[in-house]
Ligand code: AG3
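First, one chain by itself: the form predicted on its own, in structure tokens.
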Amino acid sequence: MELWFTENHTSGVKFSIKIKEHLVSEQSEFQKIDILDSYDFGRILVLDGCLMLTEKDEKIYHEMITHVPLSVNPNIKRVLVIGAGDGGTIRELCRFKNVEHIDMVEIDRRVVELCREYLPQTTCSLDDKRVHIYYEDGLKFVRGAENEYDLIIVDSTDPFGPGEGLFTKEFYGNCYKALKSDGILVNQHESTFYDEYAQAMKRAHSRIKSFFPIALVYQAHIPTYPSGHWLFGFASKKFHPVDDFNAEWWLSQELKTYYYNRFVHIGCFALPQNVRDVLRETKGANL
């Protein structure tokens, strides 16, 4: 009998992957956690029926959410990561020697524990001495921080369930307060291809833009995410992601990457017309 994992991207679109083995299925305090082994994408993490990562293409997401801001401000030392229970964002941050301190706030301890067991590819840096893990609500955690971080990365699930609070105006305002005077906020920004995702993206971008003088959107091709075209938000109090891009510094780090490079950094901010059209519908959009 063939085993398939199927994710509903919309009411009329499904995405399926043929599975070798269902490795674990558990209901935590917060969500349903499944880890599967597939033929074409390696191991897969699924939360509440939504695909979070696959071993084959996770580096695209994790490189783009980390290397972009770090290449804009080489002096980033203190980082707050909200979410990121799979460890991939932490792995990429730990590759940079200038990063001295990382606070990781993940609401669901079981996600981290199961990923440690089944996804060592992504969790390999969670024990780095610079990493401090807090198992609590990221929305509440950031309320207590002020002028503390050079970079905040919101590596959250979609804007419903445990991740819903990480897309609110209150949350983005607290992130602004928690950042230093030259701080950067980066978040996963959904997609504009399907209407349901486009609405969430527009709301998030509008809320971020109400706090940050610089707020732009950039893109990556992630085959297993809905539509394959995924967006990230870059917001900053000072730095422009293209004008202040320090390509020479990034090259000097001699980091081997799977997807990100200096050409991708510049190109990822050149948005397709359909995305620009959606952003123009967003109040105060910065194109």
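These numbers come from a predicted model, not from an experiment. Position 1 is the first residue in the sequence shown; the rest follow in order.
What comes next is about the form predicted together with this ligand, which does not appear here.
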Would Asp86 count as touching this ligand in the model of the complex under a 4.5 Å heavy atom rule?
yes
Heavy atom to heavy atom, is Tyr197 within 4.5 Å of this ligand in the model of the complex?
yes
With heavy atoms only and a cut-off of 4.5 Å, decide whether Asn187 touches this ligand in the model of the complex.
no
I'd like to know if Ser156 sits close to this ligand in the model of the complex, meaning any non-hydrogen atom pair within 4.5 angstroms.
yes
So which of Ile35, Leu51, Val242, Ala220 reaches within 4.5 angstroms of this ligand in the model of the complex, heavy atom to heavy atom?
Leu51
With this ligand left out of view, choose which of Phe234, Trp250, Tyr260, Tyr61 has a non-hydrogen atom within 4.5 angstroms of it in the model of the complex.
Tyr61
Testing 234-242, 220-228, 252-260, 24-32 against this ligand in the model of the complex with a 4.5 Å heavy atom criterion leaves exactly one stretch, namely 220-228
Only counting heavy atoms and a 4.5 Å limit, does any residue of 1-38 reach this ligand in the model of the complex, and if so which ones?
Glu7
